[in-house]
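Just one chain follows, in the form predicted alone, and it is written as structure tokens.
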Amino acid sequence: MDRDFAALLRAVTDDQPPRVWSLLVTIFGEMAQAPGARISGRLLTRITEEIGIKPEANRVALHRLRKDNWIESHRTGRESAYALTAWGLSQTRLASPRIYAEASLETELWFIAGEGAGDAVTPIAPGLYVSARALRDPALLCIPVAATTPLPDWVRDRVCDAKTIALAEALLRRFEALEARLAPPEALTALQIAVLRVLIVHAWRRVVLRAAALPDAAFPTGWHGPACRASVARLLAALEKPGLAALEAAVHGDRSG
């Protein structure tokens, strides 16, 4: 690995290797949502090796994904390829809009009062919740909050926990460092671009899916989610997504991998 690319990896990972199982979920979400898309075992190995993951750990994680019904394997001769199952694809497509959105998808805010509101709301006090949409339940009181109405600090402080706020702040610093290193654009191979995109999406996915699905104005002071989202959009635009077929051709032509 060349030193310049290693520096880019450090900028986005902060030398903290991701959990392999979770990273593979990101890889399939980034690269294999198209109908019939499959990723060869060789390409998965090359991507994860670039990140510092050993082949043994990669195999264990693939086995777990198959067991958990995230992916299915296909054999062609001595080669294996992997695709998302119908369930894995549905879960991936459910999360993707929040991960890849360039602006908050939520524009409405509702106060919900009552019991049994379920998991689609964010609790802020006993029997009191906020949500991005009204719930059709006659046992619940749903009150819309105008976009121009400032929320009290005590409400916003309960929307997002301190750990998630800290994760977003640290992630923004890493993204800013990566953006600085990518300007002017580096000469990167298609595989290197794919690796960086996966790591960017994975890092953001870990933060955005921890946070409540609410408008940005509902979050407390110090929440850097919008800035992270904007940085992700700029980075992914700068790192044009390589086609899966081109990546497969590259790694299958490189017998050193």
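Predicted model only: the values in this text are computed from it and were never measured. Note that residue numbering follows the sequence shown and begins at 1.
Separately, the form predicted together with another copy of the chain exists; it is not shown, and the next lines address it.
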Heavy atoms within 4.5 Å of another copy of the chain in the model of the complex: does residue 143 have any?
yes
So in the model of the complex, is another copy of the chain close enough to residue 155 to count as touching (4.5 Å, heavy atoms)?
yes
Given that the partner is absent here, does residue 116 sit within 4.5 Å of another copy of the chain in the model of the complex, heavy atoms only?
no
Residue contact check: residue 76 to another copy of the chain in the model of the complex, 4.5 Å heavy atom:
no
Partner-free chain; cross-checking another copy of the chain in the model of the complex, the single residue of 81, 182, 151, 99 with a heavy atom within 4.5 Å is 151
Consider the chain as shown here, without its partner, and state which of 103, 128, 120, 170 has a heavy atom within 4.5 Å of another copy of the chain in the model of the complex.
128
Looking at 68-76, 90-98, 143-151, 160-168, which one sits within 4.5 Å of another copy of the chain in the model of the complex if you count heavy atoms only?
143-151
Sequence-ordered list of residues in 41-67 near another copy of the chain in the model of the complex, where near means a heavy atom within 4.5 Å:
none
